[in-house]
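The same protein chain appears twice below, in two forms, each given on its own as C-alpha cells and labelled structure 1 and structure 2.
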Structure 1
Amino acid sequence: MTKAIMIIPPHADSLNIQYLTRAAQKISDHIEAVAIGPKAPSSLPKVIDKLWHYPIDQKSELSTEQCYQIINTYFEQGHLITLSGTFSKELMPFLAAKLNIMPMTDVIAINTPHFKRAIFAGNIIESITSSQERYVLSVRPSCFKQEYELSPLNAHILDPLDIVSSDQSLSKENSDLPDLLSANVVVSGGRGFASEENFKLLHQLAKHYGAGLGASRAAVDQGYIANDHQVGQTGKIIAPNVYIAFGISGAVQHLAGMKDSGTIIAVNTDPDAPIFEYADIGYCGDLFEVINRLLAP
C-alpha cells in the first residue's frame, strides 16, 4: 500500500495535527510525518510510523520552491497530504504541477478514490473520483475531527540541502490571544461595530475570557482589524466548540468559514440577518450592551 506523507505546516498546533492524522489514515495505513521548520513536534499520534524533520533557523522563511525541493528530494514516493491554509495553498499546487499530478485541495471528505470538496463558497459540494496513483491533497481539519493518544517520537533529521533562504519578512501583530485556528471559543465581529475604536471592545472581550478573535471580511475591509483574523471562504476556515458572532450579518462567504462550529451564538440588531438561520442561539439586540455586560466586573 502506498504510504501517506503528512506534511506538518510550520505553525500547526497539536490538535490540527491530530485531525490531519485522521485524514491521512483515510488514504493509507502507513503514515509518516515531515516537519519543515524550526521545531518538530515532540509527540504525535501513535499511528504515525515515523517523523522526519528538516530543521530551519528560527528567523528564516522557506520559499515554496525550497519546500518543494525538500519534499521532492526526500519523499519520492507516497501520497502527500497537509492541512488547508496559506502554507498549503502555496505549496501543494506548485508541488503538484512539478510532479505532474492534479492536486485535490481543501478536501472535506475522503473515501478513496472518492473525495469531496466545497465549491461556490461552500454552497455546493463537489464529489470527485481520482484514478491517480499518487495523491497530492490538503484537507480542512474541521472535517476530520478526531483526537488521538499521543506518544513521544524521535525525529529523524534530514540533511540540509544546498538552498538559500528567501528574503521574505513577515509582519505580524503581536498577539495576546489564543490562535484562532485552535481556540476553543472564538468571539468574532463584523460591520456592526462601526469603527476600529469600537472593535477594540471585542479584543478586550477575547482577552478577558481567553477566547480567539475573529472578524468578518467586512470588518477587515473597513480596517477595524488585521486580515489574519478574517474568518470565511477567503480567510480562515475554523470550527471552534463555540463561535460567538457579534454584528455579523452572515454573508455566505463568512458562513463558509465557521458553519462547522459546535455551537453558534449570534448577536445582531437585524432580526432578518442570515446568521440567525445558522445560529443555535440568537439574540436580536445591541452588541455593545451585551459586551459591556460581559466585561463588567
Structure 2
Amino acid sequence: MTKAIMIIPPHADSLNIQYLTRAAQKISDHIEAVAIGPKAPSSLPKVIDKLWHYPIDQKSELSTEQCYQIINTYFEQGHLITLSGTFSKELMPFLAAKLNIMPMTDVIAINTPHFKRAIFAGNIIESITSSQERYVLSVRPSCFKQEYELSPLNAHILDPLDIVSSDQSLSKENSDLPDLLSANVVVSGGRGFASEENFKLLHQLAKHYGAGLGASRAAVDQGYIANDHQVGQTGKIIAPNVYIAFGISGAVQHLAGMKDSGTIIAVNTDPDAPIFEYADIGYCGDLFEVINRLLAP
C-alpha cells in the first residue's frame, strides 16, 4: 500500500498535527511525517510510523522550489498531504505541477478514492473520484478533528542538499500566538482599524487572552498585517469555538472563512454591516473602546 507523507507546516501545533494525522489515516495505513525547519515535533500520535526532519537554521527560510527539491529527493513515492492554509496554497500546487499530479485542495471528506472539497466560498461541495496512483492534497483541519495518544518519536535526520536559502520564502505565522487553524478563540480585525499601528492593539488583545489573530482581506491589502493571518476564501478557513470580528463589514469572501464558527461576535460602527446578519452577538459601537475595556486590568 502507498504510504502517506504528512508535510508538517511551520509552527503547526499538536492539535493541528493530530487532525492532519486523522486525514492521513483515511488515505493510507502507513503514515510518515516530515518536518522542514529548525525543530521537529517532540511527540506525535502513536499511529505515525516514522518522523523525518530536514533541519535548517533558525533564521533561514526556504522557497517552494527548495521545499520541492527536498520532498522530491527523499519522498519520490507516497501521497503528500498537509493542512489547508497559506503554507499549503504556496507549496502544494507547486508540488503538484512539478510532479504532474492533479492537486486536491481544501478537502473536507475522504473515502478513497472519493474526496469532497469546498468550492465557490464554501457554497458548493465538489465530489471527486480520483484514479491517480498518488495524491497531493490539503485538508481542512476542522473536518478531521480527533485527538490521539501522543508518544515521543525520534526524528530521522535527512542529509542536507546543496540548496541555499531564498527571500521567496514560505509564509510563517507569529509564533507567540496560537495557530489560527486550531485556536479555540480567534479575534479578527478589518479596515476599521485604519492603520498598521492601530492593528497592533488587536495583537495585544489576542496575546492577552491566548487567542488566534485573524484579519480580513481589506486589512491585509492595506498592509496592517501579513497575509498569514487572512481569514476568508483566499485565506484560511477556520471554525473556532468563538470568533470575534472587530471593524469587519462581512464581505462574502470573508464570511466563507469563518461562518462555521461556534459563536460569532461582531463589533462595528455601521448598524447595516452585513456581518451583523451572521453574528450571534452584535455590538454597534467603537471597536477601540471595546478592546481597551477588554485589556483593562
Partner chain sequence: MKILVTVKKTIDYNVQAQIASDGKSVVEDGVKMGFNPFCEIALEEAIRIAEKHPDVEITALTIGGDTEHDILRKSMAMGAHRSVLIEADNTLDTLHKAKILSAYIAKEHYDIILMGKQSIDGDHNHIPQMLSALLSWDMGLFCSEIEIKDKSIFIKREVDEGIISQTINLPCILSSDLRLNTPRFIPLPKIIQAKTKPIEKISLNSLEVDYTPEIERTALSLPEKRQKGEMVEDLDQLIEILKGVLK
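Just so it is clear, the model here is predicted, and its values are computed rather than measured. What we label the rigid core is the largest C-alpha set whose atoms superpose within 1.5 Å from one form to the other. For numbering, take structure 1's sequence and count from 1.
- Structure 2, rather than structure 1, originates from the form predicted alone.
- For His114, the Cα coordinates differ by under 2 angstroms between the two structures after the core has been superposed.
- Relative to the superposed core, Val47 shifts its CA atom by less than 2 Å between the two structures.
- Leu255 shows a C-alpha shift of 2 Å or greater between the two structures [criterion: core-superposed Cα displacement of 2 Å].
- Overlaying the rigid core between the two structures leaves the Cα of Val231 displaced by 2.8 angstrom.
- Structural comparison between the two structures after rigid-core fitting shows the C-alpha of Leu287 displaced 8.3 Å.
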